[in-house]
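First, one chain by itself in structure tokens, the form predicted alone.
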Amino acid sequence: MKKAVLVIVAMLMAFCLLTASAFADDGKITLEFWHSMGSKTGELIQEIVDEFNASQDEIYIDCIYQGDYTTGGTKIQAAVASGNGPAIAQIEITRVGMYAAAGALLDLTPYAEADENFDVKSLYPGVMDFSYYDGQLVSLPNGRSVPVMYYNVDALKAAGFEKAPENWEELRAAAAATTDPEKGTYGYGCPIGDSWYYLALMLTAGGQVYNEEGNNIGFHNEAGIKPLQLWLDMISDGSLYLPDGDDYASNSALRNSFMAGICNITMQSSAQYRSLADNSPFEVGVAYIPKDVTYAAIPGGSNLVSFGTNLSEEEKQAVWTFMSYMCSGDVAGKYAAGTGYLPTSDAALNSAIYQEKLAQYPYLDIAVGQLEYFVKMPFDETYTEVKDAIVGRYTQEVIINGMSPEDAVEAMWEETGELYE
């Protein structure tokens, strides 16, 4: 057992889950659904939940926003530890393993096997990577994404680039050509504090997230060093934009700067496509993360889980009814069409609403093409700490505090190894 999570797992297993559920006065089963989508995406989730509630008279879903992945994740962890876990929750995928290892998640297998109307095998294999733990179906994909590159089509064309950069050399060239110190514009901006984007670049340099033994990072080599050196080189030539103050690590700060034309290329989640396209005064292009030696896509986003291990059989069936509804073709297609998240099945991809929006937003399906480049991800209770507390911290040490890329990768390797001793 990895010592870094012994306390958390022991704490979760020590409490009986008194899951938030009830039977309403009208006889309906009422279940709480906690999610982490704010703004327009949160409104879309509420709309979908309202449609579910109106579609039948046996189940009522109480949809509750709990903050972003970090804030919501902390609230869920505290609620589960105190015995008040939500019946249904949307959680960032790398957190699924921690709860599954603690035995805190409802096994959905019997409900999936008994369902004649929804087949989990219809969901794309890539988006199901975080759904099975020790042979049990413990989560379903909802809001799955990949990091992509967004670019200001108008700015790149004005600089002589008719298409998106496909490799690191082209990225540096396009970034340099669209940087203008007098105007205060930069070619490229990346949320340095978010390890997801460092790992995305590392994978294109030929590394792996974990080693073959599954007990340490898989980029204790040039693949781990190269992205950090790339960023340092772009800072040196003045083409990499870092927002002031603590916002240097902020995804939202980078998105705002991109939409304002301060940086012309940025890396963000595919889920941001509709928002960026709708709110930018220029044409927004979308492309794969530029490659060093290969294309690669690191999965991200969220899955649906249930902490309802102690629910009645009727309530557990209600949990499955709602979760499978969220993954059905038309509903998943609507969610993907309204955001940029991946359609999770052919039924979602071919749904009328998704195809209609694809005609309006031609880059909507860029993320779908990256399914073939999905990489293997760690699915255990320690990975969240590795990516956030170790990898994310040392990327910042390089960019902000002057640590060498070589020393940073060495420190990542040493500290990750200690977690698995």
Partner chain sequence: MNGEMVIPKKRKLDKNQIRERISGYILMAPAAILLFVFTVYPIGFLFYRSLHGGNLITNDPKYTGFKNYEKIFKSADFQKVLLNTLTYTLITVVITIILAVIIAAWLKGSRNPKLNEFTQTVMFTPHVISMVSVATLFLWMMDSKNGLFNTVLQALGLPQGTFISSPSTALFSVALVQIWKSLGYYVLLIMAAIQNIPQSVYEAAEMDDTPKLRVFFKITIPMISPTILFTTVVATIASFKVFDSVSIMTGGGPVNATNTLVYYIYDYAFRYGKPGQASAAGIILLIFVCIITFIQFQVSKSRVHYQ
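This one's a predicted model, so the numbers in the text were calculated from it and none came from an experiment. Numbering follows the first chain given and starts at 1.
Keep in mind the form predicted together with the partner chain is missing from the figure; the text below concerns it.
Enquirer: Would you point out which of 360-368, 39-47, 55-63, 380-388 contains residues with a non-hydrogen atom within 4.5 Å of the partner chain in the model of the complex?
Expert: Heavy atoms within 4.5 Å of the partner chain in the model of the complex occur in 380-388.
Enquirer: In the model of the complex, which of the listed residues (D278, D246, D134, D237) lies with a heavy atom within 4.5 Å of the partner chain?
Expert: For this set of options, the contacting one is D246.
Enquirer: Pick from A102, L304, V286, L349: which residue has any heavy atom within 4.5 angstroms of the partner chain in the model of the complex?
Expert: Of A102, L304, V286, L349, the residue with a heavy atom within 4.5 Å of the partner chain in the model of the complex is A102.
Enquirer: A411 versus the partner chain, in the model of the complex: is there a non-hydrogen atom within 4.5 Å?
Expert: Looking in the model of the complex, residue contacts with the partner chain do not include A411, since no heavy atom lies within 4.5 Å.
Enquirer: Is the gap between K28 and the partner chain in the model of the complex 4.5 Å or less for some heavy atom pair?
Expert: Close contact is absent here: in the model of the complex, K28 is far from the partner chain, nothing within 4.5 Å, heavy atoms only.
Enquirer: Applying a 4.5 Å heavy atom distance criterion, does M128 contact the partner chain in the model of the complex?
Expert: Taking the distances in the model of the complex, the answer for M128 is no, it never comes within 4.5 Å of the partner chain.
Enquirer: At 4.5 Å between heavy atoms, is I262 in contact with the partner chain in the model of the complex?
Expert: Taking the distances in the model of the complex, the answer for I262 is yes, it comes within 4.5 Å of the partner chain.
Enquirer: Pull the contact list for 392-418: residues with a heavy atom within 4.5 Å of the partner chain in the model of the complex, in sequence order.
Expert: Counting only heavy atoms within 4.5 Å of the partner chain in the model of the complex, the contacting residues of 392-418 are R393, Q396, E397, I400, N401.
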